[in-house]
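We begin with a single chain expressed as structure tokens, specifically the form predicted on its own.
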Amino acid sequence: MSSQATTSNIAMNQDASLPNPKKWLTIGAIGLLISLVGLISSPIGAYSYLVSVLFVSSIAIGMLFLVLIHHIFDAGWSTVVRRQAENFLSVVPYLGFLFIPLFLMTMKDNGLIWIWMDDTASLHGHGTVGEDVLYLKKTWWLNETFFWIRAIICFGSWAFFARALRKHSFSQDSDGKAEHTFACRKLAAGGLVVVALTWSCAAFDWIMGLEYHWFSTMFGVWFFANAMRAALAVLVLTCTYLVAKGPLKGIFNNKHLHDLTTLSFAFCVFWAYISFSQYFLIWNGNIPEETFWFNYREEGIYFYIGMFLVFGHFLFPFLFLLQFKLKTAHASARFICCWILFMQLFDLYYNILPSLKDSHGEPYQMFSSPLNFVWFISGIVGVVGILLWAYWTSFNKVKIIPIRDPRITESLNHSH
């Protein structure tokens, strides 16, 4: 790659052929408005909105993990792709705002989403929440005030680290000072611990808390694995798109792509290991307070979704990413990344939607009404629109790569 080509590509941040952030903001706003109608009008709309928010949150926090890991290892090869992950971090401050409708709905109707918030809620023939001994033993954690304080801590800590990392990276483009690199390394040392703990807390509160009787010490790690898979998929899609459009052409090479898809393969195996281990330990223990969660998901449509996850979220990507040619060809890499994101939605659906029970105490069937499908799709369109609006807005303001990072030359020459 010639120095002229590099300079030309770096200068192509703003290009008429690239998406307009305002269009994505419009799409996101329309999707969210429709989704909010569903949130207000029905419990399934509220659950669909929760799935949507957690989907985009997993992408954003996965990007945060990738940037933190890059700095803690002082990685050289990933310097070129780090800037795109930093651009996605611009959405992190908005995640808390996306969560506000859920907060307002729970204030209006306690127990609409997290049943333990309503002491008078029926447990389908087993009394009420307020009379439930398992709930009474967990009230030190499961109380509304502490729940929302934890949510504020989660969003606040993520926004802090995202902002600090972006500020140092972008400032280094201007002054070239090595102190920004050292500062990011220090931030990463503490950030990995804080983000890991808060992300696990989010998994326990927002998903496991939907059925507070159930518990799994591995659930936070499962949530982490999914976040990494989603973030890597989006990063591959973004970089290959920018190569096709021109800005990263001659900068992002096949070795960078190979390394990203290899990481995707690693987290595919890791997700499968965590998911199987969680299932195996609960099945082997055979404790009613744990097994009921899987029993609900082995009935009706959820059984087929579970089987689809086994083959679609693990076996198919595993066999696909074993092949070197498929990992390093842009078209096949984009295909498998789109597939992984699609399966990520199914995984969240599988973990969240069965927690909503009908009048008979059975898991609610998501697609029992066409309107339910509208709430689900509009929520995804809305939050993805906000994610891409934030990304392209940041993209147009900064350099395409960290041009004065101490390891940028090593990354540009990364070929073996």
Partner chain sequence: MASAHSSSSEPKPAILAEVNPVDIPRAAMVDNNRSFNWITEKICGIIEEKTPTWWWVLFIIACCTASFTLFGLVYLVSTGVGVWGLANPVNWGWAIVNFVFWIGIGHAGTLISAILCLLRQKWRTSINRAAEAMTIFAVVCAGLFPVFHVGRVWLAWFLFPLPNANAIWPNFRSALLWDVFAVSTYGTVSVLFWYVGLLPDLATIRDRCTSKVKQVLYGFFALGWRGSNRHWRNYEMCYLLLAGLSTPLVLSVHTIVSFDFAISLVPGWHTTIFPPYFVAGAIFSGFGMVLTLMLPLRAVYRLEDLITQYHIDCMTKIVLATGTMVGYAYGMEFFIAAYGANDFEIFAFVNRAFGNYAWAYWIMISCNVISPQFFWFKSIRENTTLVWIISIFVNVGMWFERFVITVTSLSRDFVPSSWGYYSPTVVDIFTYLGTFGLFSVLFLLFIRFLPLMAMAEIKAVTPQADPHHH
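On a predicted model such as this, the values are computed, not experimentally measured, just so you know. Numbering follows the first chain given and starts at 1.
The protein also exists as the form predicted in complex with its partner chain; that form is not presented, and the subsequent description refers to it.
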query: Interface membership of G250, its partner chain in the predicted complex, 4.5 Å heavy atom rule; finding: yes
query: is_contact(K167, its partner chain) in the predicted complex, heavy atom dist at most 4.5 Å; finding: no
query: P21: touches its partner chain in the predicted complex, heavy atom cutoff 4.5 angstroms; finding: no
query: is_contact(F204, its partner chain) in the predicted complex, heavy atom dist at most 4.5 Å; finding: yes
query: Segment that reaches its partner chain in the predicted complex - one of 299-307, 86-94, 210-218, 227-235, heavy atoms within 4.5 Å; finding: 210-218
query: In the predicted complex, the residue from E144, D132, E290, D109 that sits within 4.5 Å of its partner chain by heavy atoms; finding: E290
query: Residue (of S157, S277, S171, S122) lying close to its partner chain in the predicted complex, criterion heavy atoms within 4.5 Å; finding: S277
